[in-house]
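There is one chain below, alone, in structure tokens, taken in the form predicted on its own.
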Amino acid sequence: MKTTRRGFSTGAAITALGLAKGAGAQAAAVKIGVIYPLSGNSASAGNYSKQAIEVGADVINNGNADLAKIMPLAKGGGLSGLGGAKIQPIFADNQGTPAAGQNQALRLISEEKVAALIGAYQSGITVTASAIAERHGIPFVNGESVAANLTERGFKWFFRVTPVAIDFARAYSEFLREQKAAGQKVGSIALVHENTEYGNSVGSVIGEQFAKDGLSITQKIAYSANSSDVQPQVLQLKEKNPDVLIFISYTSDAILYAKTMKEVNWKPSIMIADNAGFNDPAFVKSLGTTVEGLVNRSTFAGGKPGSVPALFNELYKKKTGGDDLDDVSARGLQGFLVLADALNRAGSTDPAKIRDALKATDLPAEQMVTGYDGVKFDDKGQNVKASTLVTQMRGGKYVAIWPKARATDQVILPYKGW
């Protein structure tokens, strides 16, 4: 019987499944550890993602006739490759800190005996949590963290489904160059980023890409994450008055910056948000009308009736009492579905077999909740079929404006704000 590096027998887990089946009982549940910020400054994003994953688990365990026409996993009855075993997400609160994320990963592996892990939203927490998974030989699927270095660590158990910082940087660059050609001013660009792994990494990648493309970043402001006062930074922006402002911030900071900009009555001609806090439903609900015309990135847009994104969005709205899927919750759900598919194909809770199944993943675009071209991992664990689009805030909701082939509306500039 095989014993893994985490100190317990996967053979025993598989045997339990077999005994349950032989006795005519339901196969044992397969536990998946899910690490998100369920408290702290990013709790809103974490809890929306939690609900999205609960929707995904319900579809796999109980089925959905409409989704089953497109996604085999949606036929219900659990994981057919594991004798009908139900998939059981075990949620853990990373509290928005790398140390808590690391501790929760260790607890889920050693105490809950999960078959795999997913999470953890913030890149800085994904760094520590996935390092624990790597040390214990447990697959870790990441749905939404974009720091460039996550797939540059030589890890063998880490798989990232989302597009990454370089994809967004190229999208912003091409979008701005198109606006310049259309007569908009983009001569001076300010980059404001929080100083965690996410902000530093994405800010660096954007700076490098813009330099290659001849776009001038004339002002860089790095600030302490979860700040209580950003007026000094906003006054610096007002003094320099750049044409374009790009934000890389989580929820509490995004809210504070938007309010402070209104207070000092300053806004640029073009304002771009790198998703994160500016896409959080908590931000959109409270300040959407304050940032009318804000440009943002996204991977999710409601699809045509009967499509996977449209069907999942309807299920999500029923669960949440009317909320739509947003970019972050959709990417988290997508990561969960990718892992479930791999588990089903592996036909085992053995970590090595799950990892091999993840490496062999090749899912088509029509099965995506997000707007990816599919899911297929390279040797570093990065999804090479991930893609993004650019959206704009209109009347409290984001609409797709770029690229033109996937746009549902025209871009409107300059930035209107309040």
Partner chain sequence: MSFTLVQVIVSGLLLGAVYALFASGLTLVWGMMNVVNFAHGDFVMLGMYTAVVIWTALGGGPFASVPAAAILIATLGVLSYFLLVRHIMRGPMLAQILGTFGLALFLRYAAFWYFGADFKTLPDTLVGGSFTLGGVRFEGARMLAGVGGLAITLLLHVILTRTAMGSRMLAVSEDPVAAQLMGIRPQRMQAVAWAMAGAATGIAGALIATFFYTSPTVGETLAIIAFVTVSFGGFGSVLGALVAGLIIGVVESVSAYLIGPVYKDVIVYVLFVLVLWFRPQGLMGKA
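Owing to the predicted nature of the structure, the values given are computational and were not obtained by experimental measurement. Take the two forms, superpose them, and find the largest set of C-alpha atoms that agree within 1.5 Å; that set is the rigid core. Numbering follows the first chain given and starts at 1.
Omitted here: the form predicted together with its partner chain. The next part is about that form.
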| query | finding |
| --- | --- |
| Interface membership of Ser252, its partner chain in the predicted complex, 4.5 Å heavy atom rule | yes |
| Contact of Ser224 with its partner chain in the predicted complex (heavy atom, 4.5 Å) | yes |
| Close approach of Leu256 to its partner chain in the predicted complex, 4.5 Å, heavy atom | yes |
| Exercise: Arg107 in contact with its partner chain in the predicted complex, heavy atom 4.5 Å | no |
| Interface residue in the predicted complex among Thr260, Ser80, Thr320, Ser216, criterion: non-hydrogen atom within 4.5 angstroms of its partner chain | Thr260 |
| Its partner chain: the contacting residue among Asn103, Ser188, Ser269, Gln233 in the predicted complex [heavy atom, 4.5 Å] | Gln233 |
| Answer range among 309-317, 155-163, 281-289, 115-123 for contact with its partner chain, defined in the predicted complex as heavy atoms within 4.5 Å | 281-289 |
| Residues within 4.5 Å of its partner chain in the predicted complex, restricted to 345-374 and counted by heavy atom | none |
| Is_shifted Glu144 between the shown form and the other one (CA, 2 Å cut-off, rigid core) | no |
| C-alpha of Phe91 moved at least 2 Å between the shown form and the other one on rigid core | no |
